[in-house]
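Before any questions on how it binds or moves, here is one chain, the form predicted alone, in structure tokens.
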Amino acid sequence: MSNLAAFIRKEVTEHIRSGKITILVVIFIILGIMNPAIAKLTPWLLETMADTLAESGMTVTEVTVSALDSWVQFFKNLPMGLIAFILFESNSFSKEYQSGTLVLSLTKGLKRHTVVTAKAIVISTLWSALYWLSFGITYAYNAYFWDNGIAQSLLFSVVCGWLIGVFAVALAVFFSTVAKSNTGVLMGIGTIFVLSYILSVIPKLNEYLPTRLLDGNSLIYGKSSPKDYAAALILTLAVIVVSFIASIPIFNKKQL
């Protein structure tokens, strides 16, 4: 346990020194502010463009925005934040493969499973902190300008959004133990998500796919209910657990 705590401290220190945490915090704060800002500015933008649109034969009517419009932006921006996060964290293992620092640590008695566990904990915790920070900012602004109560199944929908991030983290850890470069990690994660999106065009498969959890807009508008996401939740949780567990024996056999 002491080795695990020490390696976690080492990971956190590296994140701070490299500036990763600072940059990611700024990105997620901006995303959190952008969601209500875009919704709030939409009527003004349409009014500004009214004359131009009128020349094209389009008539702009009065637009009323609500917290729903801001939450729509939240779920639209979620993939953007997740991509930025994975790009920053995809080299968590590979940079140590290249520098040889892991070999030095392991020769001093550090267990391989400790390395995987520590990195998984740090990356998952960082994603959770950033995600809920962005959510909190959006929620606070929405509560100030409008009423969050209009959004149905809001908590469930944002938990689904957080879980898809944990899913991506689990894949990142798994592919980091398989591949030796962050390019391989990114390709592995990208392949899983692309396949999930492609298969989602088949209605009978869509309800089981992890990417189903990104459809928070259907929940907040009441077009679907939490029970419709049960299969996707179960499969996603299963993949997360299997990915984290499988990473340990794979890393134990990996040549560094």
Partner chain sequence: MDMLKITGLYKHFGDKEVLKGLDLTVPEGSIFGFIGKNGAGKTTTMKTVLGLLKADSGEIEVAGERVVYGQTATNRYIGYLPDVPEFYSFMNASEYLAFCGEITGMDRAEIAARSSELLELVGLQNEKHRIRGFSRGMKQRLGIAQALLNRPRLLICDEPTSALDPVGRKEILDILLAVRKQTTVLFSTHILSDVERICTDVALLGEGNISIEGKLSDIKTGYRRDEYTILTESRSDSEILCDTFSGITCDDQGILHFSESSHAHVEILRFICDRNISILKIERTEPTLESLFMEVIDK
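This is a predicted model, so every value here is computed, not measured. Positions refer to the first chain, counted from 1.
Just so you know, the form predicted in complex with the partner chain exists too; it's not on screen, but the next bit is about it.
Chemist: When the partner chain is placed as it is in the model of the complex, are T22, E89 and S181 each within 4.5 Å of it, taking any non-hydrogen atom of the residue?
Modeler: Heavy-atom distance to the partner chain in the model of the complex: none of the three under 4.5 Å.
Chemist: Heavy atoms within 4.5 Å of the partner chain in the model of the complex: which stretch among 97-105, 160-168, 120-128, 135-143?
Modeler: The contacting stretch is 97-105.
Chemist: Should K76 be classed as touching the partner chain in the model of the complex when contacts are defined as heavy atoms within 4.5 Å?
Modeler: Outside the cut-off, so no.
Chemist: Would L110 count as a contact of the partner chain in the model of the complex, using a 4.5 angstroms cut-off between non-hydrogen atoms?
Modeler: Yes, L110 sits close enough to the partner chain in the model of the complex that at least one of its heavy atoms falls within 4.5 Å.
Chemist: If you apply a 4.5 angstroms heavy atom cut-off, which residues in 8-34 are near the partner chain in the model of the complex?
Modeler: If the 4.5 Å heavy-atom criterion is applied to the partner chain in the model of the complex, 8-34 yields R9, K10, T13, E14, R17.
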